[in-house]
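Here we start with a single chain on its own, the form predicted alone, put down as structure tokens.
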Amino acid sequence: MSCVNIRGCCIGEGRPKVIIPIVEPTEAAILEKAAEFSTLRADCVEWRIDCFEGAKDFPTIVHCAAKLRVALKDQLLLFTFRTKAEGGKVALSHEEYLHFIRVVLATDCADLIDIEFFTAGAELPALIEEAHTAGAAVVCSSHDFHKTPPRTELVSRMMQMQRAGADLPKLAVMPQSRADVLELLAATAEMADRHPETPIITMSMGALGAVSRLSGEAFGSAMTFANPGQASAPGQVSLEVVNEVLDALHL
């Protein structure tokens, strides 16, 4: 599998890289959490901007982003606005979403930026190109909080993300059975073995899918989200346990 190298962190090589989310509502709480996170054993911090009370106040986002970048020192910083349509807190129109992406890129604070596959639509390749010009890697994401699509569809979706230029295709799906978890893991393995042009991030959500968050090195998922005290999605495992298990399963 290829590697995305950011700040000396090689995503796609060895132990899956650990992401922890900031979901606080105020700038003061966000910066306090960032100071705490800068000392934890995690590779990347995700700012979930849809949880921020100023989620639609772009000048306030820019102001907070600059302070957050400083507070996190050399940790990777991922900017994410999870739209309501994909399980987030706030709805954005298509135009608002495109504007948000461009505002974040202009801050020069993002190491990585999440761009939703379906929300970006036809503009996805252009947005990815703009992100690369701004020096940010792109996590292209798709979430299904109701079901797990068939393996062929999961693989096809990640390949479309690759063709659009994404650095890290990401899928999060909800299992209704143990077989659904296996479907997600099979899609992950197929991508890693047959389409290794980029690293990928995959997870099966909820308690049933928690194993997928811990077995990334074996099946081919390059990053995983951990719960540092407050989860941002169903089934996130505590940071301490994630690190212990990733160490134990290291190949």
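Everything numeric in this text was worked out from a predicted model, so none of it was measured. Numbering starts at 1 and runs along the sequence shown.
There is also a form predicted in complex with a small molecule; it is not shown, and the following applies to it.
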F225: touches the small molecule in the predicted bound form, heavy atom cutoff 4.5 angstroms | yes
With a 4.5 Å heavy atom cut-off, would you call R82 a contact of the small molecule in the predicted bound form?
-> yes
Check whether M205 has any heavy atom within 4.5 Å of a heavy atom of the small molecule in the predicted bound form, and answer yes or no.
-> yes
Report whether the minimum heavy atom distance between D43 and the small molecule in the predicted bound form is within 4.5 Å.
-> no
Contact stretch among 66 to 74, 180 to 188, 43 to 51, 215 to 223 - heavy atom within 4.5 Å of the small molecule in the predicted bound form | 43 to 51
Is it true that K170, S232 and Q236 each have at least one non-hydrogen atom within 4.5 Å of the small molecule in the predicted bound form?
-> yes
